[in-house]
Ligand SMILES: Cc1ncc(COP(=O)(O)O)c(C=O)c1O
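In the form predicted alone, a lone chain appears below as structure tokens.
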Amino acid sequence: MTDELLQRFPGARGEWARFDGPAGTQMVDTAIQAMSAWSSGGNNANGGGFFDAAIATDEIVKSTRATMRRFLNAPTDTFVFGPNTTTLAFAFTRAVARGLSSTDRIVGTKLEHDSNVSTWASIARDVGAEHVLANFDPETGRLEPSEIEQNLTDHTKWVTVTGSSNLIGTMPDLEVITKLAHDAGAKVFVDAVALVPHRTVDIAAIGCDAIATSAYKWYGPHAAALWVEPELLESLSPYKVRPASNEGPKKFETGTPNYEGLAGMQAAAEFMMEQGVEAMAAYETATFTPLLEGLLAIPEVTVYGPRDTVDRAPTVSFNIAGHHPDDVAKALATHKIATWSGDSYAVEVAQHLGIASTGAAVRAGVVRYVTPKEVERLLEAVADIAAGIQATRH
């Protein structure tokens, strides 16, 4: 990465190698500046008023919806904003539940973050509907569309699928899965949290009915967006206060929006479009490939998920023989290398891989500000731990 681009991520400067991006990236400078400018510029008010600041708050919501529509090539600007994808998913599924019955089926997968499992499992339990999870191949980490297809019945109302596993990086074929679901008469919800940072997302091409993303995974603030197909949106009746709008995305936005967060989200989306998601992805893949290959080459290391970079996010989970994942993450931290340990809320993935009871895995992700030299540092540190070397090298 050029020094100029590296300087655009203030939080990524310093000694630490930040492989913790899958849980949340450092913010890009323009997003930080946009939030600060909003907070200090006098427009910080509330919507629905007749004075300038109130009008400005309505405008930031409108313009951010328009930006997100361009960023994700959505057919409409029907984006609901909230604090994170999990919160939006709970609000969405709670509304969906009002239209379900005990004869209905929801099909998910074992590749999901739990925000795309427990949300649907909760409403299935409440209404007595059936909730089943399609398998992925634990050896390859791949989810074949046929695994979902064989779970579809005439009673299937929803198919819920991740755009990319947050633990092992697998990217299912969303277009094929969506078509299979629609052919069976079901609607499709996509958790795109771990997908949007690493691939161009085209909602119109995918054809799904709802899709969610969190800006803090792609260099923005802690805020999220949920796109819902307009007719579906109008048909849903969410839990809300009586004065709130009964139409459009606003009926799902339970209270005052995080206006400064929307300013940051808009700036981060603009950054992604200006840089070009595919160009950023090419850099990530080039940086990630030596990491993946290097981990696979260490005999004491077990890598989970795909062994190549095809249809795969630059996120890898691994274990070192004889070492608990927490201990590995702590040891890496002594090298000033930030990683995660545990199941990263991918409960079903960890269980299906057979690592849930042993602490799951260490997770490291490459994002745009991670450098090849930092990959070398991580590999050296992992090799040292595997060999029982305690000295810190950084």
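Remember, predicted model here, so these are calculated numbers, not experimental data. Residue numbers here begin at 1 and follow the sequence given.
Keep in mind that the form predicted together with the ligand is missing from the display, and what follows is about it.
With the ligand left out of view, which of T78, T178, N258, T86 would have a heavy atom within 4.5 Å of it in the predicted complex? After the contact test, the surviving option is T86.
The ligand: the contacting residue among Q266, T160, T119, S164 in the predicted complex [heavy atom, 4.5 Å]: Contact residue from the list: S164.
Would H198 count as a contact of the ligand in the predicted complex, using a 4.5 angstroms cut-off between non-hydrogen atoms? Taking the distances in the predicted complex, the answer for H198 is no, it never comes within 4.5 Å of the ligand.
Please tell me whether any heavy atom belonging to T93 falls inside 4.5 Å of a heavy atom of the ligand, as the geometry stands in the predicted complex. Output for T93 is no: heavy atoms all beyond 4.5 Å of the ligand.
Can you check whether V193 is within 4.5 Å of the ligand in the predicted complex, heavy atom basis? Yes, V193 sits close enough to the ligand in the predicted complex that at least one of its heavy atoms falls within 4.5 Å.
Against the ligand in the predicted complex, would Y216 count as a contact residue? Criterion: heavy atoms within 4.5 Å. Close contact exists here: in the predicted complex, Y216 approaches the ligand to within 4.5 Å, heavy atoms only.
Which among 143 to 151, 164 to 172, 267 to 275, 249 to 257 is in contact with the ligand in the predicted complex, heavy atoms within 4.5 angstroms? Looking at the partner contacts, the answer comes out as 164 to 172.
Taking only heavy atoms into account, state which residues of 103 to 136 are within 4.5 Å of the ligand in the predicted complex, ordered by sequence. If the 4.5 Å heavy-atom criterion is applied to the ligand in the predicted complex, 103 to 136 yields H113, S115.
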